[in-house]
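Have a look below at one chain only, the form predicted on its own, in structure tokens format.
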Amino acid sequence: MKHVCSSLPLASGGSQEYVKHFLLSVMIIISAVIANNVNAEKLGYPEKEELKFGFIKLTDMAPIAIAYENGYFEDEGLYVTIEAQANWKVLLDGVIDGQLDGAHMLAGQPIAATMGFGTKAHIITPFSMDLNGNGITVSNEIWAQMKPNIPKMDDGRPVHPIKAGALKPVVEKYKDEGKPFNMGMVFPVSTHNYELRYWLAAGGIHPGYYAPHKGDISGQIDADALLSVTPPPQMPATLEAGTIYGYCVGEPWNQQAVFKGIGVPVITDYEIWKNNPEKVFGITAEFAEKYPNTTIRIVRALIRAAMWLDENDNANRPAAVKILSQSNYVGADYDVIANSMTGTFEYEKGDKREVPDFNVFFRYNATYPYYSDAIWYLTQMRRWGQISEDKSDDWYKDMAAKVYKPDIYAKAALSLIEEGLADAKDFPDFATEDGFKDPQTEFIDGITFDGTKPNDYIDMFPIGLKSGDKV
């Protein structure tokens, strides 16, 4: 509308030509209004127009920032405020008590809240925000002790992926000397916690159990490496202070350690589990029920943002990095964010390698909320004791369906396709999609994950609780 209005000709003495142009412009405006109204009525007007969304200062919050900056929220009649949160607990509490209408969340947060691990609340996700995006970094001192255990390429650089077996002798040395081997992750139900545990266990290092039924939520029972929570932006400083010897976090906080010369990222989560689901957009079930049209319109805007972030082989990433480097979003230097967002990743200082899929926002159906993704998180919760007792396969599937909402996503995507704003070939076949990915084989330990058989999967791991086990 504002663009049409700005093209109105200036008056020139009331000439017939002016009148003709004026009437033509009015007709264009009326047509646009009618078209917008028809579209709004078909989709449903947003029941709530003014919204506030929360996020943590990580590059994978990008779909929210881009939906705002590119005007996709406004296209949906939504007037959004975006606000950084101090930590993941504050963010979750804000969504639960209604101070936030929705938020960039850890994939495990809606699942854990709905299940009742920690804060009890029914949180859902109609939109998965990205794939990959995390890394595991160790201090320079630990890296120096690991390097002799890592095979080298002809040019002297380490062979990747680096497995935790290279760290195991270091951890054992610390144990023999009576020193705790401390590592950081961002939250007990974060992808980072489960990825760090997965990597350590695959290398024979026990990351410890939880025992909530005994009141022990430290996650350090029987642990070789002691994992504890550190907020993402504080990871590099905590590492530099020597409080922790390594951590798992999202970007830009692995690359920040490289730029500061205080640590070395040894592996990305893409190498632990290729194209693993990372963050989600979380809202309460009550919000979705009370404001169904608003919910669909939020998802439409986020889908468009994700498409923009990945289109033309990541051609828009430099522009995205410029936006994310603003202090109101991630607030890290452009070069630090660009190091991973533009298709590369720097490990040891100067060892920059091509990782085109380090951050994926749309391709590979990244935005679709698969039930099998939720089930993987649930299996890791059971493996490490956050779920204290055995559950049936059907329990896992039912819990996934309570939280992940592909039906909402499909409505949003189909409406975009119908309007010509998206292409059907870029989405799952909604007529046949059942929400379960084919069995996934590309894990660092070679174990295959089939989301339809969660208990069989849990029982495959050498380290971790099995059927019938209880801490």
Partner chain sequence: MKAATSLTTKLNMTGMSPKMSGLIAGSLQNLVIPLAGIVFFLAFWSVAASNINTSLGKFPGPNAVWTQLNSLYVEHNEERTKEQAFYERQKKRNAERVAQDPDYVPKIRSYTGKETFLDQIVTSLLTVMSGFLLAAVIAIPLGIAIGLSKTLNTAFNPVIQIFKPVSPLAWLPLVTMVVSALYATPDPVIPKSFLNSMITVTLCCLWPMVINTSVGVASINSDLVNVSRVLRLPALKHIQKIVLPASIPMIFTGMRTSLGIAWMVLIAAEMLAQNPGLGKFVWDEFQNGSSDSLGRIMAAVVVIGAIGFFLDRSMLQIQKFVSWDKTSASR
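Please read all numbers here as calculations on a predicted model, not as lab measurements. Numbering follows the first chain given and starts at 1.
Keep in mind that the form predicted together with the partner chain is not shown, yet the notes after this line are about it.
Though the partner is left out of this view, Q256 does reach within 4.5 Å of the partner chain in the predicted bound form, counting heavy atoms only. D390 falls outside the set of residues with a heavy atom inside 4.5 Å of the partner chain in the predicted bound form. Within this chain, V80 lines the site of the partner chain in the predicted bound form, having a heavy atom no more than 4.5 Å away. Though the partner is left out of this view, K274 does not reach within 4.5 Å of the partner chain in the predicted bound form, counting heavy atoms only.
The three marked residues, E69, D97 and V330, each reach the partner chain in the predicted bound form, with a heavy atom inside 4.5 Å. Stretch-level contact analysis of 332-340, 160-168, 209-217, 381-389 against the partner chain in the predicted bound form, using heavy atoms and a 4.5 Å limit, identifies 332-340.
When the partner chain is considered in the predicted bound form, only one residue from T119, S228, Q234, N149 comes within 4.5 Å through any heavy atom, namely Q234. This chain appears without its partner; in the predicted bound form, the one residue of K322, K175, R353, K260 with a heavy atom within 4.5 Å of the partner chain is K260.
Although the partner chain is not shown here, in the predicted bound form the stretch 118-157 places no heavy atom of any residue within 4.5 Å of it.
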